[in-house]
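Heads up, the chain below is alone and in the form predicted on its own; it's given as structure tokens.
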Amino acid sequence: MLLRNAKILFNNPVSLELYHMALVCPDIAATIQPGQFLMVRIQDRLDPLLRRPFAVHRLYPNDPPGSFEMLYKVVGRGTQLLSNMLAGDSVNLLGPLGRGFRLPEEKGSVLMVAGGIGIAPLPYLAETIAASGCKGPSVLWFGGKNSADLVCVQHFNDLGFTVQLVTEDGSEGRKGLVTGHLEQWLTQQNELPGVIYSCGPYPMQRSVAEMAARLGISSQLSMEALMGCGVGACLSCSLRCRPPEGTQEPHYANVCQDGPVFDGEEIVWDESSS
């Protein structure tokens, strides 16, 4: 875990609420793995007091060396202040933090599922899998409320992914929820993917985990959670998981330390969130 200042290369809007920010920090770029995250603080400010968690969206090892990109959504005061920062400004980073994605053990097909801003950690994962020599077909199912949520699609196309788009209002791709169309698609495949990687809202993640379990597919889910510290001290990001073997007591993991990536079958899903 490192504490570093990073200079902003650009901070550009990609929709009304979404921004791409590129940063230069060679030490962080050299160590962070797909699915891990950073706790970000705006330099020289105590308001907001707490850092905000962000996944690395893409890595740029050569242009310039040690740079990477974050994708974030403006949802409150902290991200609003972040969206106003300019090239040449600096932010303070704590990380890399958490447990990231594991790469496929076999060279079979790969399926990714994203809901809204849940797309944020998946391009870096997709780049890493492609660089590992994985030759199996790769598919991304990407859902959002409307077409403005569906960003970064061309990057997945360039990596050789088949991209399936779904919007709740029907403004782009299929209409409805991504999980509804995904299950129908999976049942029509002659060969199921070896693994499902997913990131998005809790109800979507639960549907993906249950779908994967029914079909005998392993799933790795990057869980979204409110975080106060990012290092397991505040316990604000607790997630109920299955207890260790041989015990029956309720067991809670910290998304920041034990995740954010969990196997779908690890999680005890809240019935009220279905």
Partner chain sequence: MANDSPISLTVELGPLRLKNPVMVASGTFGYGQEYAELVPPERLGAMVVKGISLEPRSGNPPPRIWETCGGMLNAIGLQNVGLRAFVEEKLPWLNPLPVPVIVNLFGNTVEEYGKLAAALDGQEGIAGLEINISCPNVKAGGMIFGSDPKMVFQVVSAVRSRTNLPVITKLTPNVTDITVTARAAQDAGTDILSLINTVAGMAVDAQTRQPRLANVVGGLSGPAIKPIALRMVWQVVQVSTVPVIGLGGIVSVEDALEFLIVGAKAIQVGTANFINPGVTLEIIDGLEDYLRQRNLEDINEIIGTLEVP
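Positions refer to the first chain, counted from 1. Worth saying up front: this structure is predicted, and the values here are computed from it rather than measured. Between two forms, the rigid core is the largest collection of C-alphas that superpose within 1.5 Å.
Same protein, other form: the form predicted together with the partner chain, not shown, and the subject of what follows.
J.: Does the 4.5 Å heavy atom contact test between F10 and the partner chain in the predicted complex come out positive?
T.: Outside the cut-off, so no.
J.: Is it the case that M227, even though its partner is missing from this view, gets within 4.5 Å of the partner chain in the predicted complex, heavy atoms only?
T.: Residue-level check for M227: yes, a contact with the partner chain.
J.: Contact between L3 and the partner chain in the predicted complex at 4.5 Å, heavy atoms?
T.: Flag for L3 set to yes.
J.: Using the partner position in the predicted complex, report whether G66 sits within 4.5 Å of the partner chain, counting heavy atoms only.
T.: Judged by the heavy-atom cut-off of 4.5 Å, G66 is well away from the partner chain in the predicted complex.
J.: So which of 235 to 243, 54 to 62, 30 to 38, 206 to 214 is the stretch with heavy atoms within 4.5 Å of the partner chain in the predicted complex?
T.: Answer to the contact question: 235 to 243.
J.: Does the partner chain, in the predicted complex, lie within 4.5 angstroms of each residue among P26, F262 and E265, using heavy atoms as the measure?
T.: No, none of the three is in contact.
J.: Can a Cα shift of no less than 2 Å be assigned to T247 between the shown form and the other one, given superposition on the rigid core?
T.: Yes, because once the rigid core is superposed, the C-alpha of T247 moves 2 Å or more between the shown form and the other one.
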